[in-house]
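Okay, so here's just one chain, in structure tokens, the form predicted alone.
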């Protein structure tokens, strides 16, 4: 449904985005994750045809966004970082105007506008001018305009910015409901946004893609092994040596004690489930197994691992070409 091939954006000697490639399947929600200034918004602007690339191409629903821009854009709903509202229009007038230019049939416009206002929880502001809306309402009206023409593809740049906690939960639920009939790119620097909404994640840093995978697969790849935390009441015995002898275990690290029991992190080969054998070894030795649980890198750990480096070594974009994202 979306295919991004080697997108690159240069401003003189500075490269804001370099060789970015990824795909989004029909019905999939892809998280596009990176710290502020990583190149997320620049990439989204190229994918939606708002900005031409220096190199590369983007194909949306079978149409090249730069060679067939009208056909491609018909199939895209885009919520940019700043919602594109007309301050002197009321919410209803604005959404009706968007429905008209998006080609929604006249007979369906009113019902479509009413439905989108209800889904994005802005119906109570239908008669208010867009320029007098709070940031949260502006964001939700922006989401409504992106959905009006029932597009194949949704590109959402920071869709929950400015929303209160209740509105964030409602918006995330709406985005999840859209999956299946729509392909969604969700650009954000908010980690819970990705972990609670997206099936796959692209992580970008300093304009480069540093990972493309599911959070679970990223966890396994970065650890290179499965790690299990165990808490054993061994009465002073050499628990670590006994656990190291269990088939499949690669290492045992004693991390401390808890009420006299020994806490250990037991690593094994990826895909090798040693929990039953560990439990049998502990119980067979007459020790107490007080706790056993898998240890996984959180999305926060993955994000920091892949994006933390000396930013002072990175080139800075010239001020006259500064692009947020």
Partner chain sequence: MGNVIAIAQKELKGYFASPIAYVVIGFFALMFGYFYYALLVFFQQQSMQAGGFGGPEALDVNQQLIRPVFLNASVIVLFVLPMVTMRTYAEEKRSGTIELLLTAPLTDVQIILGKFFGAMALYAAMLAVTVVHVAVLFLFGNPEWRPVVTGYLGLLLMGGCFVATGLLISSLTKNQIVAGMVTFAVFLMLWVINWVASFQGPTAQAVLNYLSVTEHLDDFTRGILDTKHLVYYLSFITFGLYLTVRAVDTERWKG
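Residue numbers count along the first chain shown, from 1. Everything numeric in this text was worked out from a predicted model, so none of it was measured.
Another form exists, predicted together with the partner chain; not displayed. Remarks below refer to it.
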**OP:** Answer with yes or no whether residue 192 is in contact with the partner chain in the predicted complex, where contact means some heavy atom within 4.5 Å.
**Re:** no
Original post:
Heavy atoms within 4.5 Å of the partner chain in the predicted complex: does residue 183 have any?
Top reply: no
**OP:** Answer with yes or no whether residue 84 is in contact with the partner chain in the predicted complex, where contact means some heavy atom within 4.5 Å.
**Re:** yes
Subject >> Any non-hydrogen atom of residue 37 within 4.5 angstroms of the partner chain in the predicted complex >> reply: no
**OP:** Select, from the options 253-261, 282-290, 50-58, 29-37, the stretch whose residues sit within 4.5 angstroms of the partner chain in the predicted complex by heavy atom distance.
**Re:** 50-58
**OP:** Scan 128, 119, 74, 176 and let me know which has any heavy atom within 4.5 Å of the partner chain in the predicted complex.
**Re:** 74
Original post:
Of 102, 206, 112, 200, which one comes within 4.5 Å of the partner chain in the predicted complex, counting heavy atoms only?
Top reply: 102
Original post:
From first to last in sequence, which residues of 3-32 have any non-hydrogen atom within 4.5 angstroms of the partner chain in the predicted complex?
Top reply: 9, 11
